[in-house]
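One chain is shown next in structure tokens, namely the form predicted on its own.
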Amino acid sequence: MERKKMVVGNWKMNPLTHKEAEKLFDAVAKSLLWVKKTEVVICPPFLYVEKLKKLSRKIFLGAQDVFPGDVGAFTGEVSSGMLYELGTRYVILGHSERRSFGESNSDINKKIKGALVVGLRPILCVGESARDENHGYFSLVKTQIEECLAGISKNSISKVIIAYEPIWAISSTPGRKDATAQDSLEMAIFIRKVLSDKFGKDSGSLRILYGGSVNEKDALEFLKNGGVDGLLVGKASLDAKKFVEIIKICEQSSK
């Protein structure tokens, strides 16, 4: 069975108001009447989810993080169950910005397990901060995958999405460099090998996305030659015109 293509927009801590959030979301939603082969997910800040879910059935909503516990004395946290009840169906986990705050693979593993229990589909971010001549970055990504997915059953692995996001290519990284489709392809092949070794044929339907300053200019190249099933879009998802163009490119590449 062919894996459905996917475009995920990560709004991060944007925009400032509900009004701006609704305007951006609505502009994207109204442009997606023609989309049939691409799954579109937008991950806004928590507090915008409830209003946005009423604006479109075409767009799935996701969260940018979650707390691994259920209910209890956890000041300031939001659980997987709360997110699901709110209307989210996906959650980004292990993003490099969260990891930079000290989040470990073990922390992410607990969050993935909690998300799967309630029906949320985790989008697990993996990626290296730099590429060394000895190719040590392969070992780093392998460790991220193995530790973050430790104890996940073969029955559940197809519900997980992997987003390869080389930190050195992210726009907020000092001295960033552009990643190429070849960089993505190389890592996508490696990730599939790691998953196959760990989960066997059960991992065959798992989708791999590319993220890392992807935009409407390089989207086709990554989709065509990067070995991925879709894209995790950051900055460009805050511009409705650019984001819709990326979705259009993804849709056309599925033909």
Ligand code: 13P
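A residue's number is simply how far along the shown sequence it sits, counting from 1. Treat the numbers as computed from the prediction; the structure is a model and nothing was measured.
Same protein, other form: the form predicted together with this ligand, not shown, and the subject of what follows.
Practice task
May I ask whether 65, 83 and 115 each come within 4.5 Å of this ligand in the predicted complex, counting any non-hydrogen atom?
Solution key: Result no, not one residue of the spot touches this ligand.
Handout entry: 4.5 Å heavy atom contact, residue 104 to this ligand in the predicted complex
Key = Residue 104: no, not in contact with this ligand in the predicted complex.
Problem - this ligand contact at residue 242 in the predicted complex, heavy atom, 4.5 Å - result: Outside the cut-off, so no.
Exercise for the section: Give a yes or no for residue 100: in the predicted complex, does one of its heavy atoms lie within 4.5 Å of a heavy atom belonging to this ligand? Expected result: It does not: once this ligand is placed as it appears in the predicted complex, residue 100 has no heavy atom within 4.5 Å of it.
Practice task
Give a yes/no on whether residue 232 approaches this ligand to within 4.5 Å in the predicted complex, heavy atoms considered.
Solution key: Result yes; residue 232 sits at the interface with this ligand in the predicted complex.
Practice task
Please determine, with the chain shown alone, which of 151 to 159, 164 to 172, 136 to 144, 104 to 112 has non-hydrogen atoms within 4.5 Å of this ligand in the predicted complex.
Solution key: Stretch 164 to 172 is the one.
Problem - Interface residue in the predicted complex among 31, 213, 56, 38, criterion: non-hydrogen atom within 4.5 angstroms of this ligand - result: Flagged contact: 213.
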